[in-house]
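Two forms, one protein chain; structure tokens for each follow separately as structure 1 and structure 2.
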Structure 1
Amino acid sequence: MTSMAGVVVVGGGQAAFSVVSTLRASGYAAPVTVFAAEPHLPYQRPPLSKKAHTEPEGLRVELVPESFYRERNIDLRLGDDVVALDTAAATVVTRTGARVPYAHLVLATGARNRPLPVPGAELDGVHALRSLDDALTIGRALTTARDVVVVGGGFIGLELARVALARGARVTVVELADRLLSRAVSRELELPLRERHEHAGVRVLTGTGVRALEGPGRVDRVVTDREVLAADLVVYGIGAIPRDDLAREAGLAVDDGVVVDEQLRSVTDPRISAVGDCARHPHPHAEGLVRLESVQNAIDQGTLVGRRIAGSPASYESLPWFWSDQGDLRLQIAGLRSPADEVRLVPGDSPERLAGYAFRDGLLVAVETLNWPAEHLAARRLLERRTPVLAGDLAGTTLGALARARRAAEVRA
């Protein structure tokens, strides 16, 4: 045992796991301590909204077994939390009052749900989804729910809507914006996506605000701008707020997330890094700083910081990608699209497949696909290698065909 200060990680999600597993895999030998507020071993979040409700008892979401941490001498403090940072003394203060010194501190605190700001949000039968426990609670509620109202037409809302539909409920999605997925996908792709949800049986109300949730202790109706909806279960997903309070209170630069440089170090204190949903950072695929909420971002940022602390620094430039399983719809996005980009919708080789290619100044910058994972992967390979793809290159062909042709040409060369 050594008494030297090592790495302290605040947070117990995918990004935190990525940091500590990378540290040990890279030969880092000093102490590594993880403060995970939840009582569970670090787990995967993507399945929570996609399948936790259909198989709540058989759910296996932990990233690795407990032995993984023990064998690598990673001090995993489950159910413990850091409540303050003393950056002058390079020490964290835990809920129990313990002070733990660090040589490097990594904030992997994630995000919390944006609360539903309407009367009645505290009624029984109203749930948000972020944690494993939330997923199990919603899964149980779906056993009896008949009328489900989903507030928010983003990834989580639409995933939950289709899970509820599959469980036999009547489902209405209420979205304040004039369309679904307004932040995530182009208007071009949103139209066919919405049609498919409606065809499957989901009622979609866009441009509709929720005014109140009502019921005698337990929710039984949702009052919207337009009509009153019967509801015995309300789930909401209206965005997330980064957990950057610790950083703010410690005097670090914060702007909807902990502001970090291209190596993910706090711009205020280079001994502190932030990774995953709580980090706001520069990115070569974006103008200005971005904060990304995705499993890819959590994994890749954790890996980068783990390697840097272990002695191999690099700038963060992973291609962002996202996916969402909404019933029989698999939506995947590669790259970062801006609202001004021109999107060309292209049908796939079978009716359920569709791709949207986003061009900026004639150059491909992002690709959205429905039910077409190979086209998504082709996009990732081309975009991450910064291989220029012009709008004209995609006339009458797919990105997959283009990528295969270019790969074949490379092999011949």
Structure 2
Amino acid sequence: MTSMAGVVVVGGGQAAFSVVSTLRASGYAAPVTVFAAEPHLPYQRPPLSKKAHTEPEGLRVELVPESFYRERNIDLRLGDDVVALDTAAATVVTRTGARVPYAHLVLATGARNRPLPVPGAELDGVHALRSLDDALTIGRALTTARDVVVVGGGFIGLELARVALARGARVTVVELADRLLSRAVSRELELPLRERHEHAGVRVLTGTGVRALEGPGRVDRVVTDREVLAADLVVYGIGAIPRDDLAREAGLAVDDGVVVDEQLRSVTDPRISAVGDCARHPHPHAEGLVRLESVQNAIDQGTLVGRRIAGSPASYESLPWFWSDQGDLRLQIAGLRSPADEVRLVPGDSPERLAGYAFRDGLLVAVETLNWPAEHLAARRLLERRTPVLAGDLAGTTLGALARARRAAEVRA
């Protein structure tokens, strides 16, 4: 199982950390090398869009201190990028020209922001958010920005919109689709979510395209197909593209991500795995292959691959779940919904709580909640166990109440 060549991990994010920490925790003793393009220790990404305004001079988001890697004999090469794979020789090639052999290679390269394809996107005051350095730059800009335009009504855009609002800025969200979060949540839940953002003070323009960003060197207005918006800060988040270039250029199967099997091995070369945002994989909760961008997915996939390499193989079957903190709104999702699923909205026991149950062929497949963590946890438990929940089971009740009733019945039996 082990080899002097050991494991090479390309990437320095949550998935990469999960792989290497699991390897050592599982007793893997051969060399482990991590190539991270950024100069920072592997860090958490969720705080980047949520705390940029509270700690603009120094977010502390490292997953573990540097001593963690040193004490476990993990060779962490920060700022050292891999530029090519030689799969025939089982070797990676770094930017400096070094060639490093591997017994197992793990691609944890993540994703990059989709660029904003309009004139003026290169102006000062226009930013995307992906890295720690991006977050620090935006955090500093938010200390003085008065008119903020957020292009893109997805998770990151809405989180940043509420961050900017909390700083006292006037905030407008411009979304090309006819609704917010069109790829993430149901239309049924999007309506009350949007109302709450607008009630808080965020202006939302859906079905609106951006034609240009303008200003004398620095952006001061956004030209949309409806109107011209004043802006001294523009932040855009219009989707991500998997970093699968290395795999594609090496001849591995790629289709919007590195195509892997149920154990997250490349379908082209079983000595290579892909995890996290860059992996496209089969999943029992999905129809066909799926690529998931979430912290939970990155952690769970890294853990599975670390254990497999250390000698405990398994298929990837973790229930997908997601969360987003948008001001005073906590949005949580468990399971995978498809656009054709029927969604039923259910009010909680207080006005701020709401849930959307998604049914496919009469069976519960996903649950979306607003400010209702207990219902989200009940959904995760039931969906993880693949306990069948029929639409009729939830008539006049909630998942939490249903779960409690079933447990009580089991005790009585």
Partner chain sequence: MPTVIFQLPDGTERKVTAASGTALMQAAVSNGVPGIVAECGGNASCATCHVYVDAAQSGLAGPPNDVEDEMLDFTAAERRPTSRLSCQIHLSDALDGLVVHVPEEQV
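Each residue is numbered by where it sits in the sequence of structure 1, with counting from 1. This is a predicted model, so every value here is computed, not measured. Between two forms, the rigid core is defined as the largest C-alpha subset superposing within 1.5 Å.
The first of the two structures is the form predicted in complex with its partner chain.
Once the rigid core is overlaid between the two structures, residue 25 does not reach a Cα shift of 2 Å, moving by less than that. Taking the core as the reference frame, the CA atom of residue 404 shifts 2.4 angstrom between the two structures.
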